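There is one chain below, alone, in structure tokens, taken in the form predicted alone.
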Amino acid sequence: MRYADRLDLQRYLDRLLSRSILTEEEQEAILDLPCHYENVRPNEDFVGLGEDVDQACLIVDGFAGRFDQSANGARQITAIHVPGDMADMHSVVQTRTTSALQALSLTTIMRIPHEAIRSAAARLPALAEAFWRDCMVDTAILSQWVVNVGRRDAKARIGHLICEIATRLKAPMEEGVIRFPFAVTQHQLADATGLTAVHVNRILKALRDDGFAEVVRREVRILDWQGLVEVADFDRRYLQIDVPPHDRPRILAVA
């Protein structure tokens, strides 16, 4: 084990700070978490279904998918995790996994011991609250994914997923175009949206022909953000990004 590159942990800290107010001491506790790094090949599981785990996984680079599967082995992706996500913080309090994690592309993860996270949260209660709030955002995302599969048409499903990932990555706009890397295959998109790969291909072509977005060489280019938002029925509020300070309550220390 070695101590993490603080820049990698800073990305996770930035995610927490977008929703929670943390003191300098609390921020340092995040940046000082011990870890070890692991590179995971595409389509390789790094947390197994039903596994007992004692570490949480921070995504450093690449994309990871959370999935469950039926008795016959058919998989459904229920979340896509991007750099800066602690993909299984909930495992700190529920160590036997009820879903699994797989690298969707070449992915670098950071494994952080549960013991270190529990110790930091016990010593600094506001950290426990920040972790809790972060898990609640994951729950809000899952809820939107259920609506996506159950109530939106195919074009809206793909469009909503593109809008969500762009927002979570804080993808920049350059010359009117929002760009971000997206090394996810059409088969993986199909598993995330309840469509077939053939249907995903048709929808991506339709989004391109309509001038909304295109996927070119493992990169998404959003050409008409507002148009895509309307087609996708996308409302970013569920992501709780950049919550105003007055809406970030803290646990008060007990005297």
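Just so you know, these numbers come straight off a predicted model, no measurement behind them. Take the two forms, superpose them, and find the largest set of C-alpha atoms that agree within 1.5 Å; that set is the rigid core. So that there is no doubt, residue numbering starts at 1 and follows the sequence shown.
Only in words, not in the display: the form predicted in complex with another copy of the chain, which the text now covers.
- Comparing 147-155, 162-170, 175-183, 103-111 against another copy of the chain in the predicted bound form, the single stretch with non-hydrogen atoms within 4.5 angstroms of it is 147-155.
- Although the partner is absent from this view, residue 226 stays clear of another copy of the chain in the predicted bound form, with no non-hydrogen atom inside 4.5 angstroms.
- Within 4.5 Å of some heavy atom of another copy of the chain in the predicted bound form lies at least one heavy atom of residue 240.
- Within 4.5 Å of any heavy atom of another copy of the chain in the predicted bound form lies no heavy atom of residue 62.
- Within 4.5 Å of any heavy atom of another copy of the chain in the predicted bound form lies no heavy atom of residue 24.
- Although the partner is absent from the chain shown here, 94, 190 and 251 each have a heavy atom within 4.5 Å of another copy of the chain in the predicted bound form.
- If you take 125-164 and check each residue for a heavy atom within 4.5 Å of another copy of the chain in the predicted bound form, you get 125, 128, 129, 131, 132, 133, 135, 136, 137, 139, 140, 142, 143, 144, 145, 146, 147, 149, 150, 151, 152, in sequence order.
- In a rigid-core overlay of the protein, residue 73 has its C-alpha displaced by at least 2 Å between this form and the one not shown.
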